[in-house]
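Consider the single chain below, provided in structure tokens and representing the form predicted alone.
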């Protein structure tokens, strides 16, 4: 069966306001040279899904610049390929009709694109999931089981404190979902937590979205999954490989530091045979390391100039670390400059930020210090 892909680029922007003021969740930089959307795009391309729509709402200029024609993901094609799907704004629309904050509202806004799809299945995912997964196995399991919908989950221990951040499912021994808990506050134990990857028949998806428009439903989890558990065959697919979701600025920092420090997690993402993570290719000169530079346990992209000390950190393209400067446990986005003798610890610096000489900036692991884009500190 042919499968189309839908990626939601803006749904959880409010989770990381520090990094999404001028960009979408999907275009947040990650691990030296990638953007968060690269994982969703690469998973689809590696699974032979070549007809992909990226639903964007606002702040999608950097997303358009990053994806371009899609050639870096082998998506520059005569038919199919990748398309940015902006809001379907009409001349007579009221302001409240221009915004959507949920997956279902985004689908309702793009019902025209869903109706004209010719694929048999649709695979939907979001941009805040860090995973390298074989989607073909999910699609095969979905088809073989005769399911109306298949939802990818991971089984993890939950507490009332972290359960309220997730969608949790109960299922029977056959893997059929029997109940759904939306951001619960009183659940403990090992539970199936949604990874926000869903496979569904294209015609069924169109029918459900049209019905949601008729009844003014707004939540995919509550109004589509919850209302259809008893009359639709909704199945689980459990994933037991590496997975991380970005639900806050602190999560972004913690996940990045974890991947830097744990080679097994890094290999689970970037060293999987026949499943590379693609990104936009840029031509940059090699990084320059000065005679007095010291670099330990760090990921450093091309085009940097390192004359100080860098430890347990992530440096994107074009970053400068001056003489005597010390950068520890930090993430510096493209073009950031750390001047001579400055000291950084647990800092996330956005693009083109400048830290002046002899400045000392320090956050902590649970609350990193953030420098906004283009800021002189």
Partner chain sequence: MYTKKECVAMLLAGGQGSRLYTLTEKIAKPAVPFGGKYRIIDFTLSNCVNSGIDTVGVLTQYQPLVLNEYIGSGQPWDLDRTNGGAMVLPPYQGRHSDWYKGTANAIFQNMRFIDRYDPDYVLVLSGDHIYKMDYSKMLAYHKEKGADATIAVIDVPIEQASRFGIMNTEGDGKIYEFEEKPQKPKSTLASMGIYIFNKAKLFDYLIADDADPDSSKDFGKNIIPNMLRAGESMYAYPFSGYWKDVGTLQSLWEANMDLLGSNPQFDLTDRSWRIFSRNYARPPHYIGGNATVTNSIITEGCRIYGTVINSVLSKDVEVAPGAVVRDSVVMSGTVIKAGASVDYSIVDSDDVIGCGCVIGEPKTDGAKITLVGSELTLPDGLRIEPGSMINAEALAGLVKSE
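Residue numbers count along the first chain shown, from 1. Since this is a predicted model, take the numbers as computed values, not measurements.
Quick note: we don't show the form predicted together with the partner chain, though the next part is all about it.
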task: Indicate whether the candidate residues 32, 267 and 296 are all in contact with the partner chain in the model of the complex, with contact defined as any heavy atom within 4.5 Å.
output: yes
- prompt: Which residue among 174, 240, 186, 291 has a heavy atom within 4.5 angstroms of the partner chain in the model of the complex?
  reply: 291
- prompt: Which of these residues, 248, 284, 207, 178, gets a heavy atom within 4.5 Å of the partner chain in the model of the complex?
  reply: 284
statement: Per contact check vs the partner chain in the model of the complex (non-hydrogen atom within 4.5 angstroms), the hit among 138-146, 268-276, 112-120, 76-84 is 268-276
- prompt: Heavy atom to heavy atom, is residue 48 within 4.5 Å of the partner chain in the model of the complex?
  reply: no
message: Taking the partner chain as it sits in the model of the complex, is residue 211 in contact with it (heavy atom to heavy atom, 4.5 Å or less)?
response: no
- prompt: Quick one: does residue 170 come within 4.5 Å of the partner chain in the model of the complex, counting heavy atoms only?
  reply: no
message: My question is simply whether residue 258 lines the interface with the partner chain in the model of the complex - judged by any non-hydrogen atom within 4.5 Å.
response: no
- request: Pull the contact list for 296-326: residues with a heavy atom within 4.5 Å of the partner chain in the model of the complex, in sequence order.
  value: 296, 297, 298, 299, 300, 301, 302, 305, 307, 323
